[in-house]
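In structure tokens, the next block holds one chain alone, the form predicted on its own.
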């Protein structure tokens, strides 16, 4: 796919400057459409005064058809104002798929996320795991990578045993064991026959589908552990205190880890041992990149995975661990009450019941993964411009109404006219999208998309209030601008798992 028009202009400016130049948007648009500091950065090496270099660059820029005017500012900045044909050309490139398919070397990527044990419904913190991981998957897919989502869960072991024992106790009319599981969902499972684990897993899958996450695969810890014997001979291990240890500290980890417990502690494999099998299983299935999404309290696991890869001769860069912080819910300025069904947590289904799927998806990714998220349930439930997800969706619905009233065809022919400031500013904001979406994918930072969508909605509302669309001599051009804006807003919403309504 051809580079976006702004990137092509940046390449042309770099050519004229004889050095890499970055075009940046001035905070005050009266200073120009773009600015570059390339003269300041290269003056010392060239042995020239920055303003003199900047003046020479201005002369060269003025020869470009895309440039309306340029001038030197301050100690050597160059401000550039672009001609109308540049904006028309930029808008003409904003069709279906705009901003996507940038991957020069597409990869086959697996994103493993949520992976909560099937001992209870998905809680809100695990919902952030899913929202974060799914948005990363959507971004990578939009960039041209092939992405699969997987859920890994422990279907055996102490926690599962306690869960089953809790359900069985209630079936017998006995109290739940002290270390067991409690809550309305346990009591409900006790009224049903059969193993509660598959039922709980089916409930989790239903919640995930409701949350707009579809898993391509489900991986069981018990099945992976059976293959441990295949890999132990390939690992750098030693025995100590009757246990089998991995010498992971020799491969970049901060410590060694127990793989198989000593006989006096049961002699069973640890979850670190299952990690070994699962990592190799991922890479041997042909994934170029294995992405794990884990809570911030799993920071040690990131080093462990990299150590396993090195120990077994794999490229550690193929393994990626994304960590995220916790979620706090507030209502009326106070911490939200715990779930009535669980007693000490809030389930994701309850959050979706309270604020809707769209708001839940938006609010669980609108902050960087390294930041704790505070969700104001009152604001998230509001149907007004105060609620950012509603505000962005309303911009999409407003454009849909304009296009309906115009009877506009899906593809609009651009016409030339003298552009006004609001049209230019909206096109410039739209031209930021390809760079923003790539940065969000590269940084694994989906929070950049909601932030951009709000700015784009702001720009559209300013355009709408200042520029008449229907019945104006510039109607054809402005309808095309509305269509492009609608497409980019819809793409932003889809990348964070939010619907783009045509009516509100």
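By rigid core we mean the largest C-alpha set that fits within 1.5 Å across both forms. Small disclaimer: the values here were computed from a predicted structure and weren't measured. Positions refer to the first chain, counted from 1.
Note that the form predicted in complex with the RNA isn't included here; everything after this is about it.
_in the predicted bound form, the one of 174, 195, 179, 254 near the RNA [non-hydrogen atom within 4.5 angstroms]_ = The residue from 174, 195, 179, 254 that makes the contact is 254.
*Could you spot which one of 53, 441, 61, 448 gets a heavy atom to within 4.5 Å of the RNA in the predicted bound form?*
So the residue touching the RNA in the predicted bound form, by this definition, is 448.
_Residue-level question: is residue 370 within 4.5 Å of the RNA in the predicted bound form, judged on heavy atoms?_
Residue 370: yes, in contact with the RNA in the predicted bound form.
*If you check in the predicted bound form, is residue 436 within 4.5 Å of the RNA, heavy atoms only?*
No.
*Indicate whether the RNA has at least one heavy atom within 4.5 Å of a heavy atom of residue 297 in the predicted bound form.*
Looking in the predicted bound form, residue contacts with the RNA include residue 297, since a heavy atom lies within 4.5 Å.
*For residue 390, is any heavy atom within 4.5 Å of the RNA in the predicted bound form, or not?*
Heavy-atom contact with the RNA at 4.5 Å: present for residue 390.
*Among 314-322, 278-286, 139-147, 153-161, the region lying within 4.5 Å of the RNA in the predicted bound form by heavy atom distance*: Selected range: 153-161.
*Any residue of 461-480 that, in the predicted bound form, places a heavy atom within 4.5 Å of the RNA*: Result: 461, 462, 464, 465, 467, 468, 469, 470.
*When the two forms are laid on each other by their rigid core, does residue 444 show a Cα shift of 2 Å or more between this form and the one not shown?*
It does not, since the residue 444 C-alpha is displaced less than 2 Å between this form and the one not shown after the core fit.
*Take the rigid core as the frame of reference and indicate whether the C-alpha of residue 461 shifts by 2 Å or more between this form and the one not shown.*
Superposed on the core, residue 461 moves its C-alpha less than 2 Å between this form and the one not shown.
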